[in-house]
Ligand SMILES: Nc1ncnc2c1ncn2[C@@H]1O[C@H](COP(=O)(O)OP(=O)(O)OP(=O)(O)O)[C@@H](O)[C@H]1O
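Only one chain comes next, encoded as C-alpha cells, the form predicted on its own.
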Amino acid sequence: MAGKGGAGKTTISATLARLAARSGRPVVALDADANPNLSTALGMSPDVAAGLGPVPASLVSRRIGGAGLNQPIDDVLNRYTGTGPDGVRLLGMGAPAHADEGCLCSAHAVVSALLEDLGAPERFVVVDMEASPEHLSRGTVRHVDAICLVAEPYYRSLETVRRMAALVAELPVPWVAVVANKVRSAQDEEAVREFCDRHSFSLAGVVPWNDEVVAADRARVPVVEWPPAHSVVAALTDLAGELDRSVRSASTAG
C-alpha cells in the first residue's frame, strides 16, 4: 500500500490482513514505515507490540539482483514476528532511536530482503509503506506482486499517486492499481474514475467515507471489529477479491 500521508494505507493494510487471515491463509503484515502504527490497526496487544524488534541488518546479505536474507525465512519469522488477532504475524522495518542517526539505508535493505524471501503461493503478505516515495526510488518493493496506490478524492492526493505511479512503472511489479479511499459522494468517485481513465490507471476499489473509522481509532479497536464501520469492511472485502483475481491474472500473463 502506497500513497500520500493520511490517505488510509495503514487502515486498509490492517483490514486486508485480518480478512485474509480469517479466510484461512497464513498472513504476514510488514510495517515498512519508520513511524510504525500497523500493530495498533491490527489490534495487537500493547505488550506484544512492545516486544517486537526489527529484523537486524546483520541478517541481510547481497545477492545478484539485490539483498537477501542469510537465514531461512521461517527462522526469521519465528524469531522476529509478533502474532496478533486472527493469527496475523507482524514484522517491523525498524525506526530511528535517536535524532541525527543518519539515513535508514539498512532498514530499507531489510525490507527488500524480507520481500524477496517471503514469496510463497499460500502466504498473503501485506506491506504498509511510508508516505515517502523512497521505497519506490530505492526499489525496496521490487519483489511484490502488486502495488495499490491509495488515493483520496482531491488534487494533492491524486498528484501523489501520479508521481508514484511513474516510479512504479520502472519496477518489475506485475500489477498496479489505484484504490479510492474516503469517498463521500458520487462526485468524489467520478473524480477518481476520471483521473484513472485520463492516466490509464486501473481502479481496483472504492472505499466510502465512514465517520466510524475515526471512532474505532479513538477507541483503539480495529475497523474489522467495529460493526458500525461495516461499509468500509465490505468495500475492502471486495478489494481483496479484486486483488486476488488481478494478481493471479497478471502472474498467468507473465
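When you see a residue number, it is the position in the sequence shown, counting from 1. For clarity, every value in this text was computed on a predicted model and none was experimentally measured.
Quick note: we don't show the form predicted in complex with the ligand, though the next part is all about it.
*Asks:* Can you work out whether Lys9 and the ligand are in contact in the predicted bound form, taking contact to mean some heavy atom pair no more than 4.5 Å apart?
*Replies:* Contact with the ligand, yes.
*Asks:* Check whether Asp33 has any heavy atom within 4.5 Å of a heavy atom of the ligand in the predicted bound form, and answer yes or no.
*Replies:* Yes, Asp33 is a contact residue.
*Asks:* Would Val213 count as a contact of the ligand in the predicted bound form, using a 4.5 angstroms cut-off between non-hydrogen atoms?
*Replies:* Looking in the predicted bound form, residue contacts with the ligand include Val213, since a heavy atom lies within 4.5 Å.
*Asks:* Could you tell me if Pro208 has a non-hydrogen atom within 4.5 Å of the ligand in the predicted bound form?
*Replies:* Heavy-atom contact with the ligand at 4.5 Å: present for Pro208.
*Asks:* Could you tell me which stretch in 114 to 122, 81 to 89, 175 to 183, 134 to 142 has residues with non-hydrogen atoms within 4.5 Å of the ligand in the predicted bound form?
*Replies:* Every other range fails; the passing one is 175 to 183.
*Asks:* Heavy atoms within 4.5 Å of the ligand in the predicted bound form is the criterion; list the residues of 231 to 249 that meet it.
*Replies:* If the 4.5 Å heavy-atom criterion is applied to the ligand in the predicted bound form, 231 to 249 yields only Val232.
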